[in-house]
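Next comes just one chain, in C-alpha cells: the form predicted on its own.
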C-alpha cells in the first residue's frame, strides 16, 4: 500500500502540521507522495528531499509543481490538459486544526472520491467543537469535565469557581488556553481566547489530576489500541510543549496503570470511537479524578498520527487503508421524471 501525505492548511496549527509530516517521513517508508496545502488553498507536490521546515518557511515550495483537485485524485498540469498524479493508493489527512479537522477537507475528499485515512465529515464536526464533543460523549455514555459555554458578546458572568481553565471552542494544541487562579486575570484570559474564536469553554482546573492518552482505530471487527500514555507535564501541555511533541519520532513507554484502569480507559475509548470515527486513527485524552474517567478531548488527527504509541505502525495504517468506509452510491434513474412526463402527455415533453 502506497500513501500520499496531505499536510499544511489554513489553520493556526499550520506549522504543527508541517512538523508532523516531517516526523512521519522518518517512520513511514511507504509514503510515496507529499502534498502541501498552503494557507491560500493551493495544493503543491513536494519532493521527499524537500521535506524540510525551511522549504515552507521561505515559500520555496512555490517553485515546485502545483496540483489541482479533480474527480478521482490530484492532477498535474501538462501542455495538453492535465494528468492524474499516480503512485499512491490512499491519502492520509495530516492537516491539523482548521480545514483538516472541521470537515472541510473530509467533504472535499469524499466529494472527489479520493480514498483517505482520517475523520469523515460528521466526525470532524463533532470533534473540532469542544461543546459538541461533550454532547456526543454524553450520548456515548462517557463522562466529561463540567463546563460553561461563553460567546464573545455574552455577559462575562462565569460561575465556575477558581482555579479554572479557559479554552477556545474550536482550537487544539492548547492555543489560546489559559489557567486562571485569580479573579483579576479572568478578563485577560477571555480576551486571549476570543482572539482565536468567538466562543469559549470555561472548565474547573483540578490540581494534580491524572491524564492518560489512548490512541487506536477499528479495522473491520478488530480493535487496534496503542500503548496507553501518561503525558509528562507540569500544569497543562501548552503550545510550545505540544509543538515539540508533534515532532517526536521515538516510541513511548506504556503508562504504569493497573489492568482494571487500563481496561476501563480502553472501553471508554471504544465508546467514543464508535462507528463515527471509522476510517480514522484517533487519540482520546482522558482525565482520571477520584476514580472517575472523564474525556478531556478527541484528537481526530493527532500529532504525527500517534505513531509513537504503536509497535508496527506502518502495518496498522496499511490494514486501516484496506478497511476504509465506503459511501453509499446514489444513481438517479429518472423514473419519477419519466412518470410525470408520461402523465402530462406528449405535448409536455
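Keep in mind it's a predicted model, so treat the numbers as computed, not measured. Positions refer to the first chain, counted from 1.
The same protein also has a form predicted in complex with a further copy of the same chain, omitted here; what follows describes it.
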From 205, 194, 88, 75: within 4.5 Å of a further copy of the same chain in the predicted complex by heavy atoms is 194
Looking at 179, 210, 140, 266 here, can you tell me which has any non-hydrogen atom within 4.5 angstroms of a further copy of the same chain in the predicted complex? 140
Choose from 303-311, 53-61, 282-290, 27-35 the stretch whose residues reach within 4.5 Å of a further copy of the same chain in the predicted complex, heavy atoms counted. 53-61
a further copy of the same chain in the predicted complex reached by all of 12, 103 and 170, non-hydrogen atom within 4.5 Å: yes
Any chance residue 40 has a heavy atom within 4.5 Å of a further copy of the same chain in the predicted complex? yes
Find out whether any non-hydrogen atom of residue 110 is located within 4.5 angstroms of a further copy of the same chain in the predicted complex, and reply yes or no. yes
With the partner left out of view, is residue 131 within 4.5 angstroms of a further copy of the same chain in the predicted complex by any non-hydrogen atom? yes
With the partner left out here, check for me: in the predicted complex, does some heavy atom of residue 146 sit within 4.5 Å of a further copy of the same chain? no
